[in-house]
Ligand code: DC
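First comes one chain, alone, set out as structure tokens in the form predicted on its own.
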């Protein structure tokens, strides 16, 4: 039986896990589960872009105000990212738009890399972790699912929080976000060449967690043998 959960806190070797994937693929939930299991700090890098978008919306500034976006990016505090506050749909849309600015991305990537450089390592999830933020991560996972499955998951999440939404509109929104993420010039969404693909379309979160854990434990076992 694997006992890394009980020993991770005393391990001296670093473990950096990079998780990428499109919106609503399940990568965030998986990242949090893995961070808890391996006793590692976790950063949802998407929240850093949402924080920038939220700052612009809060101050009534246009999303194409590059100077304001850069200022907001510099002021992002990784220790003070309110997931509930930043989960609003308009904030997500704003984040997707400010994320296309290379200078904003550079400011936030520097913060994300500093987080990943912690002595024991970390778990980071986003769109460009394995390709840009942590290209030397010990384990890279690319988590995906069909747009239809992701739209259904997003709808269930909204409903679980007491909200209402239209499945067709959610699907269209996901497709638009995918196109923006994949099509942007700077750090487009794509799987790293050495990433392990996890298609969760037919997986429960528990099944995805077990599959990811098997991949990570195999990497750790191989490293221990070296």
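Quick caveat: nothing in here was measured; it's all calculated off a predicted structure. Numbering follows the first chain given and starts at 1.
Omitted from view is the form predicted together with the ligand, to which the following refers.
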Can you tell me whether residue 173 touches the ligand? I mean in the model of the complex, with a 4.5 angstroms heavy atom cut-off. no
Going by a heavy atom distance of 4.5 Å, is residue 181 a contact of the ligand in the model of the complex? yes
Does any heavy atom of residue 95 come within 4.5 Å of a heavy atom of the ligand in the model of the complex? yes
Is residue 200 part of the interface with the ligand in the model of the complex - any heavy atom within 4.5 Å? no
Among 46-54, 32-40, 163-171, 65-73, which stretch sits within 4.5 Å of the ligand in the model of the complex, heavy atoms only? 46-54
Among 137, 107, 116, 99, just one has a heavy atom within 4.5 Å of the ligand in the model of the complex, namely 99
Could you list the residues in 114-132 that come within 4.5 Å of the ligand in the model of the complex, counting only heavy atoms and keeping sequence order? 126, 127, 128, 129
